[in-house]
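So this first bit is one chain, no partners, the form predicted on its own, shown in C-alpha cells.
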C-alpha cells in the first residue's frame, strides 16, 4: 500500500476487505470518514501533493471490494468536492463533503425505511436473505407504525450473515424463524414478501446481491411471492449505463471449507462467489429513499442522479486520460 496512506485509512481498508466492516451503507460511511481523516491529518506541502495523497487513499479503499458499488460512489462524492487551489482549502472541501455525505446517508436509510414500510401490512411475514440494513430499516419503520411483522430468516452460508439479521429483528420485537438456505422454497408459501437488500443495482434493473438471492427470487416468483429490494441510491451502479458489467467478487475458499477437510475430500476445486445477479423480471419493486420504482424504471433515476456516466476520480490523471 502507498506510504502516503494514513494508518486509519489502512485499518479501514483492511476491515472492509476482511468484512469486519460490512453492508453497503456501512462501507460507504467508513470510506468517507477514512478520507476525512486522510485530509485532516495530511501534511502535504502543496495542493497537487494533497490531491495525489487523497487519490492514493481512495485507491487503497476502492481496491478492497470491487463489486460493492456504494464504496466508489462514496469516494466519488468526497473527491469531487475538491475544488480549492490551496491545501487548507482542499482540506476543508474534503471535510465538508465527507460530513455532508455521512449526514445524507443517515437520513437516506430512514427515508427508505418509511417508503418500504408502506408496502408491508399489519400481520405480514417476510423472508430475508443475508444481512441488509436497508431491508431492516423497512421492518423497523413498519414496527414503529404499530404493525405486527414476523420473519423467516435464511442463515445465508457460508458466513451466516442471517444470524445478524435474526438478532436485529429480535431486538425489534419481530418473531423470527431461522432456516437453512436450502429450505427457502418450503417456506415461501408461508410468507407475504421476500425482502432483500442489494450491493449494486444495474441500469436495466438487475440486482447484484449476496449469492443465493437469484435462486430465491426465481422460487419466489414461481410461488407468487412478491420480491422487494431495499437499496439506497448510493447502490445504483452508474457505470452500467455505459455498458460496464458488474464484476462478481470471488472470496477465499477457506470460508467454505478448511484445508484439512479439503484434503480429506480429495482436494476438489472450490468456488466461493460472493454475489449473484437477479434479472429484473423477478423483482417487483426497488425501494429507495427517493421512492419505489419498478426495476425497468431505475435507469431514469440513475440519469437524474449521475447523468449519462461516471468517472474514477481516484485514478491518476495520466490513467484517466488513457483511451
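Positions refer to the first chain, counted from 1. The shown structure was predicted, so the numbers you read here are calculated from the model rather than taken from an experiment.
We do not show the form predicted together with a small molecule, though everything after this point is about it.
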property: Residue 9: touches the small molecule in the model of the complex, heavy atom cutoff 4.5 angstroms; result: no
property: Contact of residue 161 with the small molecule in the model of the complex (heavy atom, 4.5 Å); result: yes
property: Touches the small molecule in the model of the complex: residue 197 (any heavy atom, 4.5 Å); result: yes
property: Non-hydrogen atom contact residue 13 with the small molecule in the model of the complex at 4.5 angstroms; result: no
property: 149, 138, 130, 202 - the one with a heavy atom within 4.5 Å of the small molecule in the model of the complex; result: 130
property: Single option in 76, 237, 210, 193 placed near the small molecule in the model of the complex, where near means a heavy atom within 4.5 Å; result: 210
property: Contact segment among 264 to 272, 43 to 51, 277 to 285, 22 to 30, judged by heavy atoms lying within 4.5 Å of the small molecule in the model of the complex; result: 22 to 30
